[in-house]
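Just one chain is shown here, as structure tokens, and it is the form predicted alone.
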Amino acid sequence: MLAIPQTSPIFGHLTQFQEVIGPERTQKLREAADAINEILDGGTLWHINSTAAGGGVAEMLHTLLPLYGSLGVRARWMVVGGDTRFFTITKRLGARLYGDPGDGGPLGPAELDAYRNALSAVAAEMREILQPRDVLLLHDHQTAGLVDLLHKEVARIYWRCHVGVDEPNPCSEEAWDFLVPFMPEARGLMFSVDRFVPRRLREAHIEILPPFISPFSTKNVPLDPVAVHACLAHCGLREEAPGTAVTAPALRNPARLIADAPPPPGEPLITQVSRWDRLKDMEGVLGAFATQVEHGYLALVGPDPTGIPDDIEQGLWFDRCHAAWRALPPARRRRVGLLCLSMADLEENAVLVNAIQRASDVVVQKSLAEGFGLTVTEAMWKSRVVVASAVGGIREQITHGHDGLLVNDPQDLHAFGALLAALGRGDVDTDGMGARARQKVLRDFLPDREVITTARLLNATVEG
């Protein structure tokens, strides 16, 4: 029910990070760490979420915990578990926070009891570990019920919401009806995007804090062309070439490519890397590409559907996408591949995603709704041109026509296909757009902002 993940020092030394952000930002980072330590006064800053692998929160924590360690901050990580019933309810909650009905099931008294019971069992385990001076930072709807269960056990509790909807609707309001009663004992709240803050929580102490990527993580570190080629060959997206083995990490777990043929040499590669999830709309990307784009090869890349324990619908949406691929005319089907990456080795998975993004001529993210969209951030850091939906945090990242391209209505497959076709015709300065995308990430979406904003939140609420 409860796990404490092990993190490795993938972030690199602070001196290495200073080379990226400069001495002034590094000094502010150190000052923020000192402020957090003073507030903790010997306690531990605990980050708590629902999975150690897969999804943006887990990826950030694998970077953030080593960074805190290098700054001298005592920070740790817990992962809460639950049964199928619990994750069915939290999946439903997550969909509704996005304004989507999800599976259409209820969020009534029975679901509330099941949710509370599952978290009560987790809280009992946590009480054996937590100390009175500890501070908890809970992530997302899977952990919200712990506010009420644990606020008397520790110094303070904060709750962070990474998901939301641009415009409230009955679905999102139903989710907030479920979650808001847990919030009164939270000392402060954090949201990725200001638009996600529901009206009924506007009086709370709120900080807006977008997610981040690490420039030194396996998913974002530079790769030489030989390594990129070897990774794509491992996935079936390139022909094998002599002497192109990747040595660190070794590629031991097979990737599964469903395709009639690999991409022809020299053909532009267009990719979307995301979960097999209805809101990521892989099926819509496939349809828009197959019907409107005459050049290029589309690779839809996601995790092994069995490898994400807190998302029980992965298999369903992968099967739907697979069926849509099979239904394509043969000539169009040959220009599309579905790629499943193993989650057995997170480092291996990350290096494959890194290589695929770097090899891509265009990266797409046609989400129907989005919390923030770290796959967009990752591709922008690699100076890729991103074509994405103007939803959620993607709107905070991309300025249309400047550092990426946006389609205003994610349901408009014609407009989305037209943007891809324009890129294929060479109508866009892709080099300049990619360079500006990288600068946006450097300025706004690296880990120092996370530490600095957390220090500000803790300091502002220390007496509250």
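What you see is a predicted model, and the numbers here were worked out from it, not measured in a lab. The first residue of the sequence shown is number 1, and the count goes up from there.
There is also a form predicted in complex with a small molecule; it is not shown, and the following applies to it.
Contact with the small molecule, judged by heavy atoms within 4.5 Å in the predicted bound form, is confined among 128-136, 315-323, 176-184, 297-305 to 297-305.
At a distance threshold of 4.5 angstroms between non-hydrogen atoms, Asp140 is out of contact with the small molecule in the predicted bound form. Proximity of Asp281 to the small molecule in the predicted bound form falls outside the 4.5 Å heavy atom cutoff. Within this chain, His234 is remote from the site of the small molecule in the predicted bound form, having no heavy atom within 4.5 Å. Using a 4.5 angstroms threshold between heavy atoms, Arg156 stays clear of the small molecule in the predicted bound form. Judged against the small molecule in the predicted bound form with a 4.5 angstroms heavy atom cut-off, the residues Gly56, Lys219 and Glu378 are in contact without exception. The listed set Arg238, Arg275, Arg116, Arg76 contains one residue whose heavy atoms approach the small molecule in the predicted bound form to within 4.5 Å, identified as Arg275. Proximity to the small molecule in the predicted bound form, taken as a non-hydrogen atom within 4.5 angstroms, holds for one residue of Leu150, Ala95, Ala288, Val353, which is Val353.
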